[in-house]
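The data below hold one chain only, encoded as structure tokens and taken in the form predicted alone.
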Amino acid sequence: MSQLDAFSLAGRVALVPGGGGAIGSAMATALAGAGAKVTVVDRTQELADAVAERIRAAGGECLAIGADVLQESECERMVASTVEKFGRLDIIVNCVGGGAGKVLFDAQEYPRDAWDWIYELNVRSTLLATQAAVRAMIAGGHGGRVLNISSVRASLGINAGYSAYVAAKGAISSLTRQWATEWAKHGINVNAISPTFVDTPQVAMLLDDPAFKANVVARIPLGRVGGTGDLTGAAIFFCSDASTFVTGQILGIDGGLTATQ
């Protein structure tokens, strides 16, 4: 067997909440390209359908589900539908989150409603989706993989009104380590990636400001912001047998940003 075979996801079933977004669609497509059967979940059914159609056109197997992962019953439904369709569940890649650029406030004035929204979007979505998925993995008895998306802002402050976002992503990193510890006995590995700015529509408002973007790029040794394709290689590693002895880790994908801090 070639060493590269360890990166294959053939025979695995992956669930991607937030799969209709820029990062989520890139993840779903990459997982399918590595051989996984994929369920794409998005709050908007049409977005999930569009990604699923692209995956099927490329020869992959994909189920598209419209669901709100802030609702526990919806998370149970998407997991049950996945198991019913494909017979098992091996992987969840949590791609719901973000929102930081829409609610920037000085720390001493940060409003409760904006704080709660960021926490719901980033933490509650990851918690509920992962709990439902892991219950199915434990019931299946064949282990599994959980991949979360944290951020460099989980460990680096920024003078730009990000209090809720840095707290939420810090929670994701902490949950990653806690879940890895608890679920190891079930053969479930839990890891996270921690990107810097990734060029997606979510952060377009920030990156469209030339001064802001220039400041960001100046602090990244590789001299650019990330693209969605910069994240997918790590995702395949963490979701495959290439990472069987890796759990509880948060991998920076940041062009060297945190190395300079």
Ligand SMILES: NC(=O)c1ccc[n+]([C@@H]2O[C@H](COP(=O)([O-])OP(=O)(O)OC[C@H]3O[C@@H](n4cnc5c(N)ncnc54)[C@H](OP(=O)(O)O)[C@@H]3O)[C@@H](O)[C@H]2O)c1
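The first residue of the shown sequence is 1; numbering continues from there. Quick caveat, the model's predicted, so the values are computed rather than measured.
There is another form of this protein, the form predicted together with the ligand, and it is not shown here; the text below is about that form.
Select from the listed residues E53, D68, E61, D209 the one whose heavy atoms reach within 4.5 Å of the ligand in the model of the complex.
Filtering the options by heavy-atom distance leaves D68.
Does the ligand come within 4.5 Å of any heavy atom of L121 in the model of the complex?
Because a heavy atom of L121 falls inside 4.5 Å of the ligand in the model of the complex, the answer is yes.
Answer yes if any heavy atom of S150 is within 4.5 Å of a heavy atom of the ligand in the model of the complex; otherwise answer no.
So S150 counts as contacting the ligand.
Could you confirm whether K169 comes within 4.5 Å of the ligand in the model of the complex, counting heavy atoms only?
Contact with the ligand, yes.
Can K213 be called a contact residue for the ligand in the model of the complex at 4.5 Å between heavy atoms?
No, K213 is distant from the partner.
Among 121-129, 79-87, 135-143, 173-181, which stretch has residues with heavy atoms no more than 4.5 Å from the ligand in the model of the complex?
Within 4.5 Å of the partner lies stretch 121-129.
Using a 4.5 Å cut-off on heavy atoms, what residues in 93-129 are near the ligand in the model of the complex?
Stretch hits, in order: C95, V96, G97, G98, L121, N122.
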